[in-house]
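Shown below, as structure tokens, is a lone chain in the form predicted on its own; questions about how it binds or moves come after it.
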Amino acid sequence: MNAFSSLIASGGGLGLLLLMVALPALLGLACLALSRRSYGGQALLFFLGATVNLILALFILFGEEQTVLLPWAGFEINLALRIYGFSRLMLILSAVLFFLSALYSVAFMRRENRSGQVFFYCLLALAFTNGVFLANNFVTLLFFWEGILAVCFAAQLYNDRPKVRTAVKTLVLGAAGDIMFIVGVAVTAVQSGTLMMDVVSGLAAEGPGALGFIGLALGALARACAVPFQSWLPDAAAEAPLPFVVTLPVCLERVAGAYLLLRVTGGFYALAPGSALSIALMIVGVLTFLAGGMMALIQRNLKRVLAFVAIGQAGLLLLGAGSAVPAGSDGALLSLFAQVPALMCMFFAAGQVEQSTGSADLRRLGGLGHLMPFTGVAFVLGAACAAGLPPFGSFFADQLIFSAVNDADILLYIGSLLGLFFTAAALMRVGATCFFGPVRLPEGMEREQVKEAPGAMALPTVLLAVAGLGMGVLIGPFSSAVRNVTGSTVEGWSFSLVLCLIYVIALLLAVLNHITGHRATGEALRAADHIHYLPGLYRVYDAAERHYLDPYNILMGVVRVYSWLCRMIDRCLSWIYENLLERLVDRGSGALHDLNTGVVNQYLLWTLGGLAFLVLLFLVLV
């Protein structure tokens, strides 16, 4: 341990930078440099990067706190790094999840083209994410933060026919959040008088400080794929390679967004419970939770369903962090540990289904639990955790969050219950459609062609599936360990039996809703039709499916209107300069030409008249 501490502190802290940031990036470049035919070498380097990163994160978790300062440009713009309780927790979480994702991806990408490119982007994203957790200077944080967005944009240009629109949507929405993030950093630095993050604490979230808080919070929302920055994720989930989807938006970006959000609400700024900003953040959380669950309920593509569920889960993080009370913040952190593995598990199962059957269209799939039992069980366990069923860890995390929301505002609590209902109903619908009932396969495919996933893909899926259950069974020791690492002073639990009962009733209503809809339509896929086609709700769903409610399309509509106004103004100015002024000059010169008759008396008369006008003007002014 002492040798490791000496290594990361070597060169004034340069060792830490090289190990946690530069090493994954260099291994990623090596993957990219290898020939496409050298898949074994690419996979080895990729898995080596994930393994070394996990080992280093474990050393950091049990090591000493470190502060590293490498002077750079003056004006406190330094390459500052810091290892402390919260950053150690985020490093180990992302390292474990990335390792499991790498194990899965190595087997998954064997049949795919350009594996080196995907591995490169994943390792580069890991390097930037590690930098976010280690950064102790706002300028350093900005560099790594923007690096994640750049990787996310570039990685979506993966296919031979790149989905440019989705990549551009990702860039535009991410950049919109990051612009506000930069504003928040600037205001926070002015308010605190420093760029060093460990010095900034307890700033007032009012007056000019409110702008700093809002800017930093919006930057976190953009990374967590919360409203209004969420619409790119479902498109990317359906189009991009699965390792990218799981590694970046579902895992690394989600953890990075939660990390920044919790630091903003519970560290940089003193957010008062019940304040306008606290309520506003919770409203965004409820809208995100509701939007994700409601849209997941009507999707017919397996990966799009899971993408909308992931969006909804970001709402729970916002609700907990926005409550500005210890129970809510602890609930948000525990929810992160429960929900991200559950989401990854379901995406892994979806990848196995798509790779085995050649389709993610729920209209062409059914009864796969008979043919892929391990995948089916893993998906069900992941869905149960994502839905917050007891005794999974997410259930206990949700109780803390819902209790904090109930104390803040009853309407927000009711909205959260609706989000829980829609999410659970959507997961039941997709699980029952895909894995239960009679076997249904794409046209031309036989049952014998459907194979269970290989061990390298099944192992991380199963481990992630049981993670939520294990966390729930060991919730006491687990939460105590998390609090010890973060230094939290909160002790014990404050569950309300009444709120737990209401929570369980909401889940039971989701079960009853599915059973009723299934019996009415005869198909699990159509079990939510009675909700989808409600007279008032149908119009909302129709507008959403036509992308009328897509924030990106709304923003692009505003840009088009602005562009049209600019064109109109340009045409008006061109007409004034090229037509109106030309005509005025032409007619004026013609009139002067007509006055030039050559008669001396007329010239004298014009001269005397002009002189009289000047004298009169002088008398009036004096």
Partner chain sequence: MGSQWLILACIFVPLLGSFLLPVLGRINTNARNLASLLFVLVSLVCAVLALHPAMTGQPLRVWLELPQGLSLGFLGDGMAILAAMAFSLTAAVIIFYSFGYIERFENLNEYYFMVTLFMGAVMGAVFSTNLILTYAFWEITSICCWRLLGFDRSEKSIRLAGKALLVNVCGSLLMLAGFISVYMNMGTFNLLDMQGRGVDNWLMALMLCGILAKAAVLPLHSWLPASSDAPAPVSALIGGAVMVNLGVYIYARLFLAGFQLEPVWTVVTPAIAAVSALISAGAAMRETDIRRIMAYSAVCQTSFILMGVSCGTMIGAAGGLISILMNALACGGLFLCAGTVERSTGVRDINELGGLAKNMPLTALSFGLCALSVMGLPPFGGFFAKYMLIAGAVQSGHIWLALLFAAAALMTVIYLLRVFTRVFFGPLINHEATERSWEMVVSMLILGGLTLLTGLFINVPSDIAVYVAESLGRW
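Residue numbers count along the first chain shown, from 1. Only a predicted model underlies this, so the values are computations on that prediction, with no experimental measurement involved.
Form predicted together with its partner chain: not shown, discussed below.
In summary, among the residues 84, 436, 72, 538, the only one with a non-hydrogen atom within 4.5 Å of its partner chain in the predicted bound form is 72. Taking 534, 544, 186, 199 one by one, only a single residue has any non-hydrogen atom within 4.5 Å of its partner chain in the predicted bound form, and it is 186. Remark: none of the three candidate residues (47, 65 and 449) comes within 4.5 Å of its partner chain in the predicted bound form, counting heavy atoms only. Its partner chain is not shown here, but in the predicted bound form it comes within 4.5 Å of a heavy atom of residue 208.
Proximity of residue 153 to its partner chain in the predicted bound form falls within the 4.5 Å heavy atom cutoff.
Looking at residue 143, you'd find a heavy atom of it within 4.5 angstroms of its partner chain in the predicted bound form. Interface residue remark: residue 37 is not counted as part of the site for its partner chain in the predicted bound form, having no heavy atom within 4.5 Å. Contact with its partner chain in the predicted bound form, judged as any non-hydrogen atom within 4.5 angstroms, is confined among 438-446, 268-276, 99-107, 134-142 to 134-142.
In the predicted bound form, no residue of 370-409 lies within 4.5 Å of its partner chain by any heavy atom.
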